[in-house]
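Only one chain is included here, represented as structure tokens and corresponding to the form predicted on its own.
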């Protein structure tokens, strides 16, 4: 039979993350929503914890990310870094998603390093707060069309280009930069590189003022003749011209999209739990096990939204489990993010509506959760991109056949 209970190890992750979200994140959520671009000193204690988690992961043997992983047998069930992260991210985001992204050592670039770095690189960049730079002024959802270049000059790569919407671009120590080593090869020539922020030629040119997740800074960064060591190219030092090289880079998304989905899940859950609590204070009751025709309109709507949260969670867990157990999960990762991004935004908006003027008021956090949740339907690939990925996988179509 199917068991939906978390094992003890993940239960510990869940309980710890929820405790931090409840006692640390939630009380300061409004403060850093209003004080955008201010570093949250209250969460600095999480840095060593992230470093410890990274250290434990590095002790496990790892293959070259460009090489396909051997799937585990159906009877095997490994609880790995992706599942642990999605469980923790849901709880942290229940407290505040922006503060989750601002935790030192918990950047999107850290996920990229975990996905495609060699053991030596993981050791070398351990303890660093890593941002991930993909989007450019002329290249958004189509990651394969980026124009930032990396040219090998002796024992160094020379990086040139501009990246925008870099999450934690101001606060980070290092940046995982996507760049092309051969424009004529198209996306096959794209690789990811680790660039230290203090290298000459790295300039943070702008900080965005955003609708949501304001506790996490979003920056524009220019790279002008930035020199980095040859072995700062993530994964194998060999520059491959076949599409397998780009697949190794794109593996980052298969790991991070379920995490983004879990953030939407946590925010939507926070909004719905709060809304339900306030409605119960006003005398509303929520009865389970009845035919929906016997339920009141608001009662039925809340129960439907609760079922949507469960559907989001199961899709996310499925994609995370597949990734941890060496199974191709590109379609499932996109499905989980598409579902969670869309429904998370819908649920938070409905919570604002159900609470009326007080839902729209800044006295409660519901309006903030509605603002925070929307980004999860945009970054790491928009809703439309996720639908394309799912459709291509289901239909067996190539990128040229289905755009």
Partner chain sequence: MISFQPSEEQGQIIDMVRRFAADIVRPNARDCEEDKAIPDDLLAKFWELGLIANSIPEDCGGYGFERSAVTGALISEELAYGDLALALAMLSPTLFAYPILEMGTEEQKKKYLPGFCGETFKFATSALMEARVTFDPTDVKAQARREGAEYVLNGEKCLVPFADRADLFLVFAATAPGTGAPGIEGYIVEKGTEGLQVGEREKYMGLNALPLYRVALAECKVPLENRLGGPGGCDFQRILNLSRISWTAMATGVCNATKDYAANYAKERVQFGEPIASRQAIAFMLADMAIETDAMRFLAWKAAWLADRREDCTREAYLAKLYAGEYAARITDNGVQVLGGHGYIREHPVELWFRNGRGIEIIDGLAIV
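Everything numeric here is computed off the predicted structure, so don't read it as measured data. Numbering follows the first chain given and starts at 1.
The same protein also has a form predicted in complex with the partner chain, omitted here; what follows describes it.
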Response to the item:
In this chain shown alone, the residue from 279, 188, 222, 81 with a heavy atom within 4.5 Å of the partner chain in the predicted complex is 279
Worksheet item: Pick from 285, 205, 307, 184: which has a non-hydrogen atom within 4.5 Å of the partner chain in the predicted complex?
Response: 307
Fill in: Heavy atom of residue 290 within 4.5 Å of the partner chain in the predicted complex
yes
Worksheet item: With the partner left out of view, is residue 147 within 4.5 angstroms of the partner chain in the predicted complex by any non-hydrogen atom?
Response: no
Worksheet item: Does any heavy atom of residue 353 come within 4.5 Å of a heavy atom of the partner chain in the predicted complex?
Response: yes
Practice prompt. Please check if residue 361 has a heavy atom lying within 4.5 Å of any heavy atom of the partner chain in the predicted complex.
Written response: yes
Worksheet, complete the sentence: TL;DR on 196-204, 123-131, 316-324, 153-161: the one with heavy atoms within 4.5 Å of the partner chain in the predicted complex is 316-324
Worksheet item: If you look in the predicted complex, which residues in 27-48 sit within 4.5 Å of the partner chain (heavy atoms)?
Response: 34
